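Presented below, as structure tokens, is a lone chain in the form predicted on its own.
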């Protein structure tokens, strides 16, 4: 009996140890992913005051947004309405939403020059919460990420600057429009914003 208990305890300890190793690997993988992305952005930004060609802006936009899961963000932003609309409307909504977020990410390119410090990376059941501090011109700004593991790749499902989460913020805006004027009015508004 004692041997059986010892064996079970040993297997339990091995399981815990394996989980800790996987968590550490995931934390390091996320840190490496975000650090490499940050380095790529800074390299493309070049010296301060630089003017950017359309090609450079497109490259920056792709790197900044390349690890964002826009479908997941769109689901959060549209809340229950996402499951109530047609597949065609969902596809158009995701396309419009991603266009607006991608364009918005290019409004203030200088913020990507900030020095980033990782405060914590918490990984649990294929999800992660990454807390960082970005410092630019002696101004410190909390920048956090919600991430999920899709296949073998970590992707961002929401991000916050100064504790204001992007998808959650859009959700509040969209729900007010839907409640007052309906989903079609929201789509009309998004089409106009995406076309600007």
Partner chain sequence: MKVKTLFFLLTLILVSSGSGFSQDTLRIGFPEFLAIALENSGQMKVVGTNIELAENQTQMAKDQRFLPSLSLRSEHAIVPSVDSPGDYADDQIYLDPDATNDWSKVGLYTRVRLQGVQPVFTWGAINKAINAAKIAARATEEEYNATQAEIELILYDLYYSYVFALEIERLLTDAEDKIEQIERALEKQREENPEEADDTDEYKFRIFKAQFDIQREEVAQSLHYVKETWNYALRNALGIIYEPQVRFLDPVQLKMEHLGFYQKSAKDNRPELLALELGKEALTEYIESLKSQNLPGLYLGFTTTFASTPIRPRQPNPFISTPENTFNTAIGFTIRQNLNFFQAKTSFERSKLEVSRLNYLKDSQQDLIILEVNDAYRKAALAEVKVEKTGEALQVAKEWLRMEQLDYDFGFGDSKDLVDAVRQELELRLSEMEGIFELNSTVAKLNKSAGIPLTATRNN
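Residue numbers count along the first chain shown, from 1. Everything numeric here is computed off the predicted structure, so don't read it as measured data.
The same protein also has a form predicted in complex with its partner chain, omitted here; what follows describes it.
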property: Contact assignment for its partner chain in the model of the complex, among 137, 55, 51, 39, heavy atom within 4.5 Å; result: 137
property: Among the candidates 28, 169, 127, 59, the residue which, in the model of the complex, approaches its partner chain to within 4.5 Å (heavy atoms); result: 169
property: 4.5 angstroms heavy atom contact with its partner chain in the model of the complex for residue 100; result: yes
property: Residue 43: touches its partner chain in the model of the complex, heavy atom cutoff 4.5 angstroms; result: no
property: Contact test in the model of the complex: residue 163 vs its partner chain, heavy atoms, 4.5 Å; result: yes
property: 4.5 Å heavy atom contact, residue 173 and its partner chain in the model of the complex; result: yes
property: Location of its partner chain contact in the model of the complex, chosen stretch of 43-51, 155-163, 64-72, 29-37 [non-hydrogen atom, 4.5 Å]; result: 155-163
property: Every residue of 177, 190 and 193 near its partner chain in the model of the complex, heavy atom within 4.5 Å; result: yes
property: Residues of stretch 91-116 in contact with its partner chain in the model of the complex (4.5 Å, non-hydrogen atom); result: 100, 104, 108
